[in-house]
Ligand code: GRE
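Consider the single chain below, provided in structure tokens and representing the form predicted alone.
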């Protein structure tokens, strides 16, 4: 029997706003099918039932609001997207919860929208799709900038997490992929970009300034658990890094990881050894991945039943304070 699951990286888009979702290079028929599945939050319920997924936490797919310019357009779209998400949840409150989309170029507006989404709409935190394009699509704003501290303080005060979801590197930073564009997107570039962004937040002192901030990373942590000791060793020899704790302590204390789209048993075992079972959660990454792939793997992966239950639902229930 499938173990009961809560899935945390499950995407949607409101009908009429599909331009917010970026094609990672898929053929047009495949991409149109994906867009149709993002819109349709009814058909996926049957797949969730077969996989033992009792609840999915929905969020706007990439790049979402992070490429919307000028900032006031993103502010208006955030409200529209989040209201649409709340309507989806209201149609199946026992099956869906949600992460808010935020207009990250306007920190004050993002704080207000987070408050509204958590306190009024009942959403469980927010998901942002990487850096936000700043003035032009050729320049990005990363979230280690101290100007974001008021927003991180709101997350901490509300007791909700930030899900840092991938996107491709800036166009000016893709030379290494020139001639090998198949490595862009979820094949490789998504993970590398998101790992560096998370490290910017660690090395930039975000978690020293706001120690109560919790960040979720997908795809088994974008490879960070396997590189954190090496990073920590090298940082310890630099005079220009003055962190209050070792880098691995931030990964252990301030981050949760999900399994989305990375169902590799040796990697899972390594992360359990590095971080323990209390910081891992299930995600299917639908519709960019097949629900059954991740669910069947979790049902069969050779770990204890106690750890399986933690990954499947217990940790998510605790972190998101699900009823």
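Because the structure is predicted, anything quoted here is derived from the model rather than measured. Positions refer to the first chain, counted from 1.
Here the subject shifts to the form predicted together with 2,6-dihydroxybenzoic acid (GRE), a form of this protein not shown in this document.
- Across the options 48-56, 23-31, 291-299, 274-282, residues that bring heavy atoms within 4.5 Å of 2,6-dihydroxybenzoic acid (GRE) in the predicted complex belong to 23-31.
- Taking the partner from elsewhere, residue 190 is found to have a heavy atom lying within 4.5 Å of 2,6-dihydroxybenzoic acid (GRE) in the predicted complex.
- Proximity of residue 204 to 2,6-dihydroxybenzoic acid (GRE) in the predicted complex falls outside the 4.5 Å heavy atom cutoff.
- At least one heavy atom of residue 186 is located within 4.5 Å of 2,6-dihydroxybenzoic acid (GRE) in the predicted complex.
- Under a 4.5 angstroms non-hydrogen atom cutoff, 2,6-dihydroxybenzoic acid (GRE) in the predicted complex lacks residue 254 among its neighbouring residues.
- For the stretch 56-82, the set of residues having any non-hydrogen atom within 4.5 angstroms of 2,6-dihydroxybenzoic acid (GRE) in the predicted complex comprises 61, 62, in sequence order.
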